[in-house]
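Given next, in structure tokens, is a single chain: the form predicted alone.
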């Protein structure tokens, strides 16, 4: 298996100031990535939870424009508290609450390693469909506009949404673009045959499996021509769930997509797929081995261990820098030699 030239832990929860005095920062991870002028921009997902109380499980949600905390008795048999990410009904298994609320915060760097992190949330959840938070942004520059796709979370489910910006100061929310349950939407950086193109991941509850799909749009908001690309049925590494990772980038071989996949134990790895440049519905190649899997201690231990999960990358000279969330806790970067990766996708 190919190895990165280096992997480095960059940002941890202790590097951030909570948005409210009664909250603590649990995780800073799964950042959208782009370049703006000479800077690298990370749009960080920041997950906050109530400061701990003995015998109580705090849950947090948006109401009246701010984060509201509710306390649950950990001894109450009605609650299943086995998953640190949420509280479930012990009888039905249905998620009742999330234990954290995520917002998006900007970090900036000129060297790609040392980041200046905003002290305040740049993008906070708004409205009923974001009452449980906004998560996992991806950024693609289409013509002169940055399209930020993200997941809006509420009791109604996980729903893809989009906003646009030209300067990361003023954002225009476009709203929800696909129904629940769906995640992992990322835009292609160029239009194809005058159409916007995205990857997305429906989450079937009956027939079907969590696979990567492709869709087309005249305006980036209204989507159709949905086409399943690949996933569980292809048997790659015996994984049970797939999703788009970083927005695809263009190479001579085709569109290069760094995707994620998870097994039955929720161990996440990253892989490479090659899509046709003129028709991204055509899969040219899926590289047989993962390019990144949990090996470092900061990837194996954390809020939810054994996870590497990317939402973005940058191409820098002869290198590809993949920024990724590690153990659902912190943000790291894996630097690959472009020529070494090219051997895999060519």
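Positions refer to the first chain, counted from 1. Everything numeric in this text was worked out from a predicted model, so none of it was measured.
The same protein also has a form predicted in complex with a further copy of the same chain, omitted here; what follows describes it.
Out of the listed residues 239, 274, 178, 106, 178 is the one that sits within 4.5 Å of a further copy of the same chain in the predicted bound form by at least one heavy atom. Listed residues 120, 173, 233, 166 were compared with a further copy of the same chain in the predicted bound form; 233 is the one with a heavy atom within 4.5 Å.
The shortest heavy atom separation between residue 217 and a further copy of the same chain in the predicted bound form is within 4.5 Å. At a distance threshold of 4.5 angstroms between non-hydrogen atoms, residue 77 is out of contact with a further copy of the same chain in the predicted bound form.
a further copy of the same chain in the predicted bound form comes within 4.5 Å of no heavy atom belonging to residue 115. A residue is said to contact a partner when one of its heavy atoms sits within 4.5 Å of a partner heavy atom; residue 161 fails this definition for a further copy of the same chain in the predicted bound form, lying far away. None of 265-273, 245-253, 141-149, 126-134 except one has non-hydrogen atoms within 4.5 angstroms of a further copy of the same chain in the predicted bound form; the exception is 126-134.
Residues of 214-243 placing a heavy atom within 4.5 Å of a further copy of the same chain in the predicted bound form, in sequence order: 216, 217, 218, 221, 222, 223, 224, 225, 226, 228, 233.
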